[in-house]
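To begin, one chain is listed below as structure tokens, in the form predicted alone.
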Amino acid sequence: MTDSNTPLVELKDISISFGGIKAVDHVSVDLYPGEVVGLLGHNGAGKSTLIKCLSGAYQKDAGEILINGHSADIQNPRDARDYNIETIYQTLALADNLDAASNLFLGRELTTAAGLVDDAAMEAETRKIMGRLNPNFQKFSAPVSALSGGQRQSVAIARAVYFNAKILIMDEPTAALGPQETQMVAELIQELKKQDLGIFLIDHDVHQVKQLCDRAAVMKNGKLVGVVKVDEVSTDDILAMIIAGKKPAHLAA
């Protein structure tokens, strides 16, 4: 994590209600450059709802979002992208029949002077960004349907980073992946941290959060239970926060 005094993101006192029910109730969480903050909690805890107000999918009812210390007005996903926020959903939103380069530039294709799609330029750019993120990636001509789960994550992450993401939201990036694929994603995340990106990681797996994150923010029933440094707590401590809804005694002060 870099020595920046200004968070990349501050979610301050955020509240979101649906039909009179507070899905998020006065929650504050921040994220610094080169840091991964895990968001944990049972289904319905509010973690996805909270983060969707940052991605532009939901509107907050109260509170403030600050990006690099400045108030941000995020009304929709396009606004979020304007603030260099990208979301990588579990589904990855990839076109299975297209190769890595076509997916990376989908909707933003590079063209020649004659206005034709420049496949060679797109592949060259894809090779460059993959060289930074995942040097072992070689399947540039294969449709992404033929790629492994970890390789597909590589393509989705490369697309976000190529288009200048500074803040990544990752939704259970290792769900349904085997140990080797999970390790590949862990290495990708470490590379992104070196490049000073900040990552919010939504997950149910406490062990993954311990491995991948610097801090963990636990929510229960729409409220923030607490934010802890993962190297100062055990997996049992985090589980107790999720289940009991309170910080461990040695961190309660």
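Position 1 is the first residue in the sequence shown; the rest follow in order. Because the structure is predicted, anything quoted here is derived from the model rather than measured.
What follows is about the form predicted in complex with a small molecule, which we do not show.
When the small molecule is considered in the predicted complex, only one residue from Lys210, His42, Lys193, Lys223 comes within 4.5 Å through any heavy atom, namely His42. Of the candidate stretches 27-35, 42-50, 185-193, 63-71, only 42-50 contains residues with a heavy atom within 4.5 Å of the small molecule in the predicted complex. Shown alone here, Ala244 lies farther than 4.5 Å from the small molecule in the predicted complex, counting heavy atoms only. In the predicted complex, none of the heavy atoms of Asn164 sits within 4.5 Å of a heavy atom of the small molecule. In the predicted complex, Val230 stays away from the small molecule, with no heavy atom inside 4.5 Å. The small molecule in the predicted complex is approached by Gln90, whose closest heavy atom lies within 4.5 angstroms of it.
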